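Given next, in structure tokens, is a single chain: the form predicted on its own.
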């Protein structure tokens, strides 16, 4: 991606870039929809990245005194954004698509307001993080833009404040009320480590994932079911309402005993949403402990339980994702699969599979062929070790 970004930059602008930065996508091993409930998540950065090559604007670039011009390989389009503070979010109608530059604009604006302004620049974005696959291409973009602002301004942002700034950009400019997981792992991921993140304290614990006998397989279902747009906010609202009824600050503070005792006060939907979050928090902490102990059978069991909870209690899976999990379960440990689960916001996207390294090639063919026979879809499949977080490449 770095080579592609530099090559495209030279092609478009006729000169070499001055700055190159990058940030990764992520896969969440376990801990879904727990982050905005002050709970625990267990992601790792993947070895797929969003790279930005950039240079100061020149008169021949045709930009205003507070503008930047950016080309993206995701859509082969050039967008113009402002580097000034105080730029308001774009207002879009309910069925109108958000401009692809919204994530960039939000991050640039908030960085400028936080004292990390970018001068007018031209840039190229090259990314191999799949869009819409639940691997957090948006956080990779936000964090790479914030990293670019750091290098342009010549100052380094506090790492936690940088993550929270990128989250705020997604909230206020992309209108997605996401938790903090994606920005944290994209910014602070470490090679050969997953991250157990306490989403209340914002304190990450890096957990070694170095056993060469296991690998992380990521399968993109290539499915993203069309939704009304309210599914994520509806679930977040149900969790907040359940916590208020239980008398706790967030569902992270609740137990199943508390939930069952208050069942008559909750709607059926509030109950099952809360049940998922409470049990998922416990599974996530257990999974990190299993990872530390190289207990892959236990880790895999927890992943299956997580997916079942997302299917039945949180209701965010879909037929295609469930089929991939069924394929994994059918193979079993003897066939090289320890466990699998949906990863990301839901209703499509990717499945993460914990597998035996020596079975990777056979399993890639198995999943590809069986899934295509069922769905007629060619599913991209890749293996990733835990990758590095954001970086200044040059």
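Model, not experiment: these values are computed from the prediction. Residue numbers count along the first chain shown, from 1.
What comes next is about the form predicted in complex with adenosine-5'-diphosphate (ADP), which does not appear here.
**Q** Although the partner isn't part of this model, could you tell me whether residue 138 comes within 4.5 Å of adenosine-5'-diphosphate (ADP) in the model of the complex, counting any heavy atom of the residue?
**A** Contact with adenosine-5'-diphosphate (ADP), yes.
**Q** Although adenosine-5'-diphosphate (ADP) is absent from this view, report whether residue 121 comes within 4.5 Å of it in the model of the complex, heavy atoms only.
**A** Flag for residue 121 set to no.
**Q** Given that adenosine-5'-diphosphate (ADP) is not shown alongside this chain, does residue 106 nevertheless sit within 4.5 Å of it in the model of the complex, heavy atom to heavy atom?
**A** Judged by the heavy-atom cut-off of 4.5 Å, residue 106 is well away from adenosine-5'-diphosphate (ADP) in the model of the complex.
**Q** If you check in the model of the complex, is residue 195 within 4.5 Å of adenosine-5'-diphosphate (ADP), heavy atoms only?
**A** Residue 195 lies outside the contact set for adenosine-5'-diphosphate (ADP).
**Q** Determine which one of 319-327, 237-245, 275-283, 73-81 lies within 4.5 Å of adenosine-5'-diphosphate (ADP) in the model of the complex, judging by heavy atom distances; exactly one does.
**A** So the stretch in question is 73-81.
**Q** Pick from 89, 115, 132, 191: which residue has any heavy atom within 4.5 angstroms of adenosine-5'-diphosphate (ADP) in the model of the complex?
**A** Comparing distances to adenosine-5'-diphosphate (ADP) in the model of the complex, the residue within 4.5 Å is 132.
**Q** Could you work out which of 306, 187, 270, 127 is the residue within 4.5 angstroms of adenosine-5'-diphosphate (ADP) in the model of the complex, going by heavy atoms?
**A** It is 127.
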